[in-house]
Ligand SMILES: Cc1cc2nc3c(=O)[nH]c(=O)nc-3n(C[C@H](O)[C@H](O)[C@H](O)COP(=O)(O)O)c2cc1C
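Only one chain comes next, encoded as structure tokens, the form predicted alone.
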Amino acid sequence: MLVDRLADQCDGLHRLGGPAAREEAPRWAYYPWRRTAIRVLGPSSFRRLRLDRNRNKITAAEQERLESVTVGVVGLSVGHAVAHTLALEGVCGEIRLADFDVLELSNLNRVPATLLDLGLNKAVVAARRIAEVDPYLPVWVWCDGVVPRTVGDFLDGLDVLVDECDSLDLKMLLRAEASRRRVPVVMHTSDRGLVDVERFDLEPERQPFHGLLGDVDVEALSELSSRDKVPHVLRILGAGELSMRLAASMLEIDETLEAWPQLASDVALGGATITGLIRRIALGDKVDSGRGRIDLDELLQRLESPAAEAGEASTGRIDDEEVPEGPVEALVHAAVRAPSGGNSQPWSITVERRRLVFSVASEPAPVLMDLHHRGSCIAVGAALFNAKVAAAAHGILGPVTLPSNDTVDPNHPVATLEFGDGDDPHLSELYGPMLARATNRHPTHDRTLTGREAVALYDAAALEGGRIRIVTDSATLDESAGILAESDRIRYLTRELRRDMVGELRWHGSENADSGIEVNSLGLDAAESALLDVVLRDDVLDQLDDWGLGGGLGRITRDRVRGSAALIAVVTEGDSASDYVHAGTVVESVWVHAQALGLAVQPVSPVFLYADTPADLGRLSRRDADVLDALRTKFSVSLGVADDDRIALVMRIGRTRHAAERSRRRPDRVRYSHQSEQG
């Protein structure tokens, strides 16, 4: 019979993407015991597709190294499970199988063969099963087993020897030859998952069986009956370590039992355990001589209920918020409702008799990506805008002063708002929308932005004497989404940036919940929430970094941006602290107006946003500085920002059915001067 499923295999190979395999002609694999030939891909393509689901748990480089490994298995009852698992996992490039015995019906409680295999040599049965998995894997069958005159040939060139035979004299013979040839020996004894490792490659003088047998006459072992072998077996296994049922069964050898019992589940566990050991030895991982147990019965008797988080999850909402009636208190309340990166609230507001004074707070230290305190200045500018809106609504609006500060000094103001008697009508109308402003991180379902809405947003920027760029076309949004996703990937994989990012998150019950971002406000779906604990593990992220992967880390940002109606870039011409404070007023004006139009708003600024120089980029990530530089240039071009402009903040907007969740506020960001308290 001919079976041709080559088209399916070619489709599977095509779906893998990546570098194409070298040109290989397909082959026909013929299985005479089935009287069947099947058409398969050429060797390297076949191996790539067959082992693709190993990817990441075994890297491509590791898989290539494993192709050079030669493993010998002696004893093909338990050894059948080992050999088959080795082949399935691609842990070796050659297998030698040795067993003189034939398959009997009583073997079918643990050997994965069929009635059609009865009477066949056990090594042949295993070899056929492996060939039906991988016709390219060389398998050498020793149907006479291993004897003193052939043991050297069997071990010649082996990287690892698997001992699963029943004969004590052969076990000793194998170890003597393995010691001479410096070949490691691994063995699995089914009872209670006992596994032995003897690293004769590292310790050629090591005593067989860890010295448990002591001095023994190897030739005399071959003459022993099953019952006479019991004392030696017990020294190897440890009489006190046997399972109760095997210990009781040992007393029935040559009475009601011919040999000790074995279960298929224990044998299958041995196949998995030994394969895992061989993979680690072959890849140079730390595997010492010794023994251990993977006792399923014991483990399954000690199952525990996983700990569930106690209490109700916080919604992060602040309902029925009380708004102060006094005009000055209302200004302060409005100012501290401003947005800030990571909800850090980096402002310090001093209330004096006739004015509010805004500075950048001296603590906590800014996060790494807040280069030159520019993100902090944006936040202060947003707080200033809110205060202006409240002042207009309460009829005490006065002039605003932005000192010409090139850099930020926590001891010096970056903005002041005088109390006067002004009442700007347009600003007054924004009082309610300003107090309702919030970040909405949920996906948006509507990708349309009307011309009227776009004009309103441009006007909102102009209201504060600022400029914005609005991007709505799908191609540019897709390109920008890719850049922002790559920025997120670097942020996750760079330890210092990751530390800052995780430090911003707040879980239910956090002590410092009056700052930071509540996890429940991230707008994650069930799958994203479930993966959060995995995503934030240092060992997981370091492993992805090691592999040069992690593209999925930016998926949420990429999907959110692609599904948005628009990206808005607030731009500034200058690079001084006052320029960025001014840009912050523009950001908040646009944000409040957008939300008033029914649009959801979320900042999505990339990690490189405030980097000007190679030194800045190096501070973010020394390794990825060049990548960040290229992303920075590409991002500006994508958004159509002129060379002499700087991006102060980027926001995505759209429509969503999900309500925004407002962040809490710190109570210690405002102080009243002596004059005000007396006044």
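Residue numbers run from 1 along the displayed sequence. Just so it is clear, the model here is predicted, and its values are computed rather than measured.
Omitted here: the form predicted together with the ligand. The next part is about that form.
Exercise for the section: Could you confirm whether G375 comes within 4.5 Å of the ligand in the model of the complex, counting heavy atoms only? Expected result: Yes, G375 is a contact residue.
| said: I'd like to check something about W591: if you look in the model of the complex, is any of its heavy atoms closer than or equal to 4.5 Å to a heavy atom of the ligand? | reply: W591: contacts the ligand in the model of the complex.
Heavy atom of P112 within 4.5 Å of the ligand in the model of the complex: Close contact is absent here: in the model of the complex, P112 is far from the ligand, nothing within 4.5 Å, heavy atoms only.
- Item | Interface membership of Q602, the ligand in the model of the complex, 4.5 Å heavy atom rule | Answer yes; at least one heavy atom of Q602 falls within 4.5 Å of the ligand in the model of the complex.
Among the candidate stretches 334 to 342, 170 to 178, 94 to 102, 351 to 359, which one is within 4.5 Å of the ligand in the model of the complex when only heavy atoms are counted? Among the listed stretches, the partner-contacting one is 334 to 342.
Here the chain is shown alone; which of R558, H582, R437, R506 has a heavy atom within 4.5 Å of the ligand in the model of the complex?
Looking at R558, H582, R437, R506 one by one, just R437 meets the 4.5 Å heavy-atom criterion.
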